[in-house]
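The chain that follows stands alone, in the form predicted on its own, written as structure tokens.
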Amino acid sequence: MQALMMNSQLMISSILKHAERNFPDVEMVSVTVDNPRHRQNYKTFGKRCRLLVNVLESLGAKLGDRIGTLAWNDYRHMELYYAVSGSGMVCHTINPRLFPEQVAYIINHAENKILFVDILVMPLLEALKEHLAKVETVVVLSDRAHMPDSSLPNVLCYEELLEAQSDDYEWPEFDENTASGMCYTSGTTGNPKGVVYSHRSTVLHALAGALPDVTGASNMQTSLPVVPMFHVNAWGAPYAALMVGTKLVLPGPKMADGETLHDLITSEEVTVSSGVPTIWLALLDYLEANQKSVPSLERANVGGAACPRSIVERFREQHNCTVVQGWGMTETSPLGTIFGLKKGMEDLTTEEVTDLQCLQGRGVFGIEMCIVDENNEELPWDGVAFGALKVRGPWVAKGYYGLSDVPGAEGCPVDEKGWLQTGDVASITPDGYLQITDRTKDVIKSGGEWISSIEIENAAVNHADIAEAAVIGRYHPKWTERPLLIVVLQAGKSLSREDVLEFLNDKLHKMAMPDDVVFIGELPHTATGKINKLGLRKTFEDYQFPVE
């Protein structure tokens, strides 16, 4: 028996139409190179999206074409998100912080013929122009007054193109499984791999992300996504915000600038913001150094890397703001788990709640997860057993662009039972809270015992004088491998190896205690802000532990 319900396709354009009709006066505020505080409402935004579709078609773009963007978080990038996908093309966000050769590889692999580029990214394209033979048109996201000089062929001005078009356009409806977006992984080994999102997966991801126990997105909020729009669709914020009518504040190229972030949060009365731990550490340090506060900020979402306990405590104690940690990856769109208390936890102490906030959260509806041992046998959710984390769901990738999507085949991330192999090692508590203990390639095996590098790093950064810490396994003649702790100190602070080991002594079990501590001026990071363990292994490939 078939149901008697309308078969409306889940379309990204439907989010835009809903926002235009129901929240026409809600603001979208942006920082751009050509305007330090641009403002428009959702009604104007919708009109400009229709202008942009007509621009795309005038440039020869058609259904299924991958339209590349190298841009920051601002209103023009948002217009590309909706105009490109809504018209049936594929919005391909490219991370301009990647190595130049990776950027060139991604553009060529995706076969981008048209690129929309922020002014500040133009020097990168200039340097790569001999390697981008497939690119036919470069559109600079600017008005005419701020257009840069360029030696690239066929460079056009975004605002001039829009001015020449009509906003007469009817959004088409097509199969909801049509590709809507692309984002390449930023792995430290091998070439980046392309994850292709659909209209269906994107809309479902936004719906799940807006649930009360997830982000609780609403028309009553003002959201500042600091997480880049070139990094897994800014964790879905560009879609969830328009879906519920949230005011958006977009920091443009100033996403790492503490002064700008403070000004935006206070002047626009931002209530919720999202970013990686390094961003929050920088903001907290700026606020503390300048004796400033963020009284409107109620919630700081954290992802991309394990959140140090100090961030949770400083936000709570200094700014009365709740830190909400989540876990996900490019292949999961990225929402997988997120922190939230459960009924019956009302009487937990502040310390007990903080303990939970430092985990990676509970699974959201739409995501199944399990952990398995070396024999692929499922392990219990007891908070003790840890194994390889697998997930599956309607917004989880089943393959990579140009590679096989046959489960179990070479290059396919999904096994024969349809589970995505995340590459993370984790445990899960009886209440369903996920704890990422390591990456499978980063876990340290010492004397037959597995040691979590993340556990040591989290303990170390809780020292007030330590800014960042990383742990890698190095060869040991007796134990095969032992942990080496690499530390970056806070500016003006001084610690010895013995000081650090004494601090860790009652915080780690004996086998997890690092055998040595080395101090460096700066840790290497990937383009998405994660610590580059591969780079550290190369730096310390000849390291030998002190002879005891």
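Source: prediction; values computed, not measured. A residue's number is simply how far along the shown sequence it sits, counting from 1.
FYI, the form predicted together with a small molecule isn't displayed, but the following is about it.
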| query | finding |
| --- | --- |
| Single option in 252, 387, 225, 304 placed near the small molecule in the predicted complex, where near means a heavy atom within 4.5 Å | 304 |
| Listed residue that, although the small molecule is not shown, lies within 4.5 Å of it in the predicted complex (heavy atoms), from 293, 330, 446, 322 | 330 |
| Contact segment among 124-132, 172-180, 469-477, 433-441, judged by heavy atoms lying within 4.5 Å of the small molecule in the predicted complex | 433-441 |
| Heavy atom of residue 231 within 4.5 Å of the small molecule in the predicted complex | yes |
| Contact flag, residue 82 vs the small molecule in the predicted complex, heavy atom cut 4.5 Å | no |
| Interface membership of residue 326, the small molecule in the predicted complex, 4.5 Å heavy atom rule | yes |
| Any non-hydrogen atom of residue 99 within 4.5 angstroms of the small molecule in the predicted complex | no |
